[in-house]
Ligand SMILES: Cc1cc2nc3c(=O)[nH]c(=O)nc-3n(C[C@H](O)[C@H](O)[C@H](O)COP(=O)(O)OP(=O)(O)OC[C@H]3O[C@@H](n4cnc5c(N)ncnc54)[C@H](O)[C@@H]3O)c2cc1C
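Below you will find one chain, with nothing else, as structure tokens; this is the form predicted alone, and questions on how it binds or moves follow later.
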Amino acid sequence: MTMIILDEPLAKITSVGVGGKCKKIFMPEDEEEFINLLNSFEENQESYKVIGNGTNLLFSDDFHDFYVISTRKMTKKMSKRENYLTFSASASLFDCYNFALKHSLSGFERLAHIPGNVGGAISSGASCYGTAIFDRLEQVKIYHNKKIKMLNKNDIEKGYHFSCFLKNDLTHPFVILSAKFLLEKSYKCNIYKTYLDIASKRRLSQPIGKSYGCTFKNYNGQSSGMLIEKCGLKGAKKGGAQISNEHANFIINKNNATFEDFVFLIELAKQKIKSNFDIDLDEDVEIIK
């Protein structure tokens, strides 16, 4: 295996297409390369950030004085033992769904359309239509400070669109390597039907275009998108960025948008929501300045 090393802006590997350069972008192709790279950074006390498919991230256009490791090229490992499925952190949620479907196991069909991987989904506490990544999670294998260890689900601080992994700094971060889930037996036709139902709902409600996903967490069961829409902000533009006309909780990179374009619209929405409803919205996107 040959590791890919890029000297490109982070915009090239993020779903929103925004982000300046960093020291270097590394793309290991297997776990051995990945861990060797982590060990090297730890030994040399280098700052680094691990990312997956580059969703749910908004990097500034400035230079970032750290290395980035992208797991998107890594071999996806999947295994089954009884009703337990284990996936490498680099496996996409769609990969997980397909593997589970093959074995008539239910648990990923509502998550399959989230465009992230297992590591990112656990870090961000991903959820979709009433199902969260934590619902079936049993164990996580992590790398930290040159050691590999297992965390049981009760060892992980987690919540709605949150986990302790979001608290990582750029030195000695906790890096997810793989995760084990306990699923339940079901009929393939039922699993597939649920998958198609969710696909239909998402097609009708979510916009097409370059974005990082949802901008804000919902507030006490209230849709942030609906709150933004009630403030008349659907379609609002700044530079190359626009609040979606289809779903106001999405900001789309319409035409070479900058980090500042996105931040302007994020702050505008927060101010309007505060002014109109006295609600402080929390960002659902990780903003890295």
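Being a predicted model, the structure only gives us computed values, none of them experimental. Counting begins at 1, following the sequence as shown.
Below, we turn to the form predicted together with this ligand, even though it does not appear here.
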| property | result |
| --- | --- |
| Contact test in the model of the complex: residue 202 vs this ligand, heavy atoms, 4.5 Å | yes |
| Contact test in the model of the complex: residue 286 vs this ligand, heavy atoms, 4.5 Å | yes |
| Proximity of residue 206 to this ligand in the model of the complex, heavy atoms at 4.5 Å | yes |
| Distance check, residue 121 to this ligand in the model of the complex, heavy atom within 4.5 Å | yes |
| Residue stretch of 188 to 196, 210 to 218, 79 to 87, 144 to 152 approaching this ligand in the model of the complex, non-hydrogen atom distance within 4.5 Å | 210 to 218 |
| Residue among 114, 96, 105, 179 with a heavy atom within 4.5 Å of this ligand in the model of the complex | 114 |
| Interface residues of 48 to 63 toward this ligand, as seen in the model of the complex [heavy atoms, 4.5 Å] | 49, 50, 51, 52, 53, 54, 55, 56, 57 |
